[in-house]
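Shown next are two forms of a single protein chain, provided one at a time as structure tokens under the names structure 1 and structure 2.
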Structure 1
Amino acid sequence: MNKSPIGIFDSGIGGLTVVKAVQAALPFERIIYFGDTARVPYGPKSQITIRKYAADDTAMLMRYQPKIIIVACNTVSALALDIVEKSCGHIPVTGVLKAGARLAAEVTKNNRVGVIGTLATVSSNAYGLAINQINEEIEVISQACPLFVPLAEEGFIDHPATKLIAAQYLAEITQKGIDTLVLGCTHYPILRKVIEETVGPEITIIDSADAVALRTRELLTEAGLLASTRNATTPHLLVSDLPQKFSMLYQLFMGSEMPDVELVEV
């Protein structure tokens, strides 16, 4: 079981930021990653559709007998974590949302936390609920930033248009006295620099990808499931479609050349 892989899935390639964070936190582990690139994005879709997709994605990873499943998709974490838990039996499950919420609740000093994400994540108020389950004193202020994903994927990392859009999206939320801001979408670490510059140095950025990697290390340690010897360093990649830009995007997210990718059908 210790040698079993860590299974990670996302609606597309955004979850690669989680792969990168898990590699950094757990360098001995094998990783299997499924990106549902044929049906990306989940964010704007309805809850019924998102829950169906979450079951499919879990079933896909279960073929590889993972020792833990990480839901790298904020939308699924927000709307369908129970479906993932039901579909995978006794294996532990962790998601970017709960992990990000835990870390934010620990870090905030003035109990005012901002959350940015897709429209679906923000409308669900799932971060707010998760943070208030830990500490109901914390006030959570959310803002949807729908253009951040396409801007990240277009590589407009440091573009004046990205700065203008960030300024517009973040104006209100930063005026509300938050001391902590959760990047509630796996794409947003790509735009971290612009976001940091826009909100200023007083606000601590919480990257849910880092948070879930740390949480995974805790869970595997508790269960005695850490790998004891170094395994393959490149992740095993499964995708439901191979988009034209995939190799460029892999490099943007991972900072390294793309390994072989396996095309699977959901």
Structure 2
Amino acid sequence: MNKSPIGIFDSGIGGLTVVKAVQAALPFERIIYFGDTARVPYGPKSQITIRKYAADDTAMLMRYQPKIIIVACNTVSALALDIVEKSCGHIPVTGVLKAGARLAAEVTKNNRVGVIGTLATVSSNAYGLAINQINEEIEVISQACPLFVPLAEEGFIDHPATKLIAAQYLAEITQKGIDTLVLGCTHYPILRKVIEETVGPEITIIDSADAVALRTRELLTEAGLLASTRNATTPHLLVSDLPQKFSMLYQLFMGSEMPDVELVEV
């Protein structure tokens, strides 16, 4: 099992932020990443559909016999983590939502935390519930930002349209006195520069990708499953559509050479 890969899945390119964080925390681990680019975005879909997609995505990664699965999709973390856990059997599962909630609860000083995410994640109130399980005195203010996912998927990192939309989405939530803002979708760190400029330096940004990478290291260490070799490897990337576009965006977001991307059927 030590030689088995870490499996990561997301609805599209957003999970690459988790891949990058895991590589930084665990540089010698093999990574299998599946981006469901044929069916992105997950956020506007019904819970029934999201749970079906979660089962499909998990089955895709299970073909590679992973030693742990990371759910890099906040929408799946909020609405279908139990489906992933049942599909994996004894293999440990961790999701970005609980890791991000834990870090936000630790960081806030005035107990006012903002959360931005997809419509499905915000409607579920999963972040609010997870944060209040840790500290019931924290007030959680949530805001859906559905256009952030397609903007990230198009690579509009510093586009004027992105800045206008960010200002519109974030105006109300930043007036509520929050000192911490959770990026409750793994696509959102791709737009982090614009988000930071919009909310200002006094608000701490929580990137759940970093939090889940640290949690993954803890779980693998506790289970004695850390890689025994000291050879860094490039991730094995799988997508359900548009491999060429994915490769180009990978270069843009990861700052590394174009990888081989395998097209698979879900």
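Take the two forms, find the largest set of C-alpha atoms that superpose within 1.5 Å, and that set is the rigid core. Quick note, the numbers are simply positions in structure 1, starting from 1. Note that this is a predicted model, so its numbers are computed, not measured.
Structure 1, rather than structure 2, originates from the form predicted in complex with a further copy of the same chain. For residue 139, a C-alpha deviation below 2 angstroms is recorded between structures 1 and 2 after rigid-core alignment.
Taking 2 Å as the criterion, residue 92 does not count as shifted between structures 1 and 2: its C-alpha moves by less than this amount when the rigid core is aligned.
Relative to the superposed core, residue 128 undergoes a Cα shift smaller than 2 Å between structures 1 and 2. The two forms line up on their rigid core, and residue 161 then has its Cα shifted by 2.7 Å between structures 1 and 2.
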